[in-house]
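The chain below stands alone, shown as structure tokens; this is the form predicted alone.
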Amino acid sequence: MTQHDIIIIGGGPAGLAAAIAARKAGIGDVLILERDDKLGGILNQCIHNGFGLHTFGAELTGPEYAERYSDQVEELGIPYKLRTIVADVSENREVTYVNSTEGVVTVKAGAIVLAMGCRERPRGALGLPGYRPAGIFTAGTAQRLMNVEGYSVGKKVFILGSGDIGLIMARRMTLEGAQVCCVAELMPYSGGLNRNIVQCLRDFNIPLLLSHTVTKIHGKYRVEGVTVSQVDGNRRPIPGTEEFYECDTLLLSCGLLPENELSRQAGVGIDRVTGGPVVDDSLMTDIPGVFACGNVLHVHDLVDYVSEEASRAGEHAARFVKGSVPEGREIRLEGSGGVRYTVPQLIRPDTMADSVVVRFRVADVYRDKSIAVYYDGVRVQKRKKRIMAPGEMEQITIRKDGFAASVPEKITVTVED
């Protein structure tokens, strides 16, 4: 069986950054497996700007951002296989992939980095009543059809869900001459970045209906309209609040799901909130030598954070191959009081870096609240925030020298007054 030092599953922004970091850390045998016909992942269809401000200090489009990383892969001579589907990952780090030239191949890895990204929640997961007419797309599918393949998906559009892709597509459809009737959001707050609400909706006078959802799709062969209802605190439609919107297209932007079928096959432990692997501060899962990063770990708001996180995963995978295994005592991290989750979920104080960035999302919109950190019930950090929202990730830093006196068993991150 062929063996590679590190196998990266996924050639999007996370996979590219991890591969580059691993090569720069001294690993010569790194292989990227990518199912698409080019490197770059989802960024290739994100032709709007706003990428790279943190990483490159420049405002780039998605393809430009991806190109900077793919160029580095080429310059470093990192091999990759395109149009290659990974079919299985085993707990002893064997990877089975298939493509049209080699057929089915199984290879052994010294370490694996999971960087498969995420997928959109489809109509079937939403329980929307009505026929299955033409004109219903997830926002990402519509984005690819328009930006990569050159098709127009509709002329009069209704968007359900205010995730970032949905907001961006509201602007994109408008710029292409379509009429965007409205964006409806089930929750009482938007799921996207505030800058996208301003630049994609308010700048184009596109209304945003919070606490609303589609309760019926009209049309048998092509979408003819949707009925929208207000929802109560339990997110159930309120009778008598129905309103009809005429449209020929319905875009769904109702959440992203980390793509973890391969992770589950390998026996990786999955966090019930993030939908991604449980990892320690080195981004290693509960299977030694298997690391995770990017949107397969938890859905990020900025690709710059994906690249930063993936670089750390690549560096730690390289250390693992060289014999430096994260081990020793474990400190559990948990979110409470409005913090939905933390990544990582574990810190190993004996082998951790001098500082560890912990990222998380809050469960609601909070104004003039504080983020507090507790070690075994004793508060050690408190930072005031003017506003926090579920659509934007927050972060804190845990320092190793903070454990000089004693090592806690549990670190709690919470929202408080």
Partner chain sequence: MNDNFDFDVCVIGAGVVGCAAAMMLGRYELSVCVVERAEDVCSGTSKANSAIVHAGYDAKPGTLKARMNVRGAAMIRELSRTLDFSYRENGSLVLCFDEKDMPKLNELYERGIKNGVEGLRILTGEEVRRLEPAVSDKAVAALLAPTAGIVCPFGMTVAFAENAAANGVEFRRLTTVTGVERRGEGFTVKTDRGDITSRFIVNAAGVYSDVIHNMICENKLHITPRRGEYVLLDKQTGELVSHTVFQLPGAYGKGVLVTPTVHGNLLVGPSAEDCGDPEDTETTAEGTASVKQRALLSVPSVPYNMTITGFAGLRAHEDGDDFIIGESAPGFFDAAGIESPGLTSAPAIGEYIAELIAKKADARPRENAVTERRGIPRVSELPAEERSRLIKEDPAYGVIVCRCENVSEGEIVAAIRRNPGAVSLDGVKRRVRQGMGRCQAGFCTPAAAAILSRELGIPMEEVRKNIPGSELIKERI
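Positions refer to the first chain, counted from 1. Computed from a predicted model, the values in this text were never measured in an experiment.
The same protein also exists as the form predicted together with its partner chain; that form is not shown, yet it is the one meant from here on.
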- [ ] With its partner chain left out of view, choose which of R235, R329, R264, R332 has a non-hydrogen atom within 4.5 angstroms of it in the model of the complex.
- [x] R264
Task: Position in contact with its partner chain when the complex is considered in the model of the complex, options A134, L186, V273, L302, heavy atoms within 4.5 Å - done: A134
TODO: Run the contact test on V98, G124 and K216 with a 4.5 Å heavy atom cut-off to its partner chain in the model of the complex and return yes or no.
DONE: yes
Task: Stretch in contact, per heavy atom within 4.5 angstroms of its partner chain in the model of the complex, of 283-291, 320-328, 77-85, 302-310 - done: 77-85
TODO: Find out whether any non-hydrogen atom of S229 is located within 4.5 angstroms of its partner chain in the model of the complex, and reply yes or no.
DONE: no
Task: P239: touches its partner chain in the model of the complex, heavy atom cutoff 4.5 angstroms - done: no
Open item on the list: If we define contact as a non-hydrogen atom of the residue within 4.5 angstroms of the partner, is E259 a contact of its partner chain in the model of the complex?
Closed with: yes
Open item on the list: How about Y221 - does it come within 4.5 Å of its partner chain in the model of the complex, if we only consider non-hydrogen atoms?
Closed with: yes
TODO: Can you tell me which bits of 135-159 touch its partner chain in the model of the complex, meaning any heavy atom within 4.5 Å?
DONE: F137, T138, T141, R144, L145, M146, E149, G150, Y151, S152, V153, G154, K155
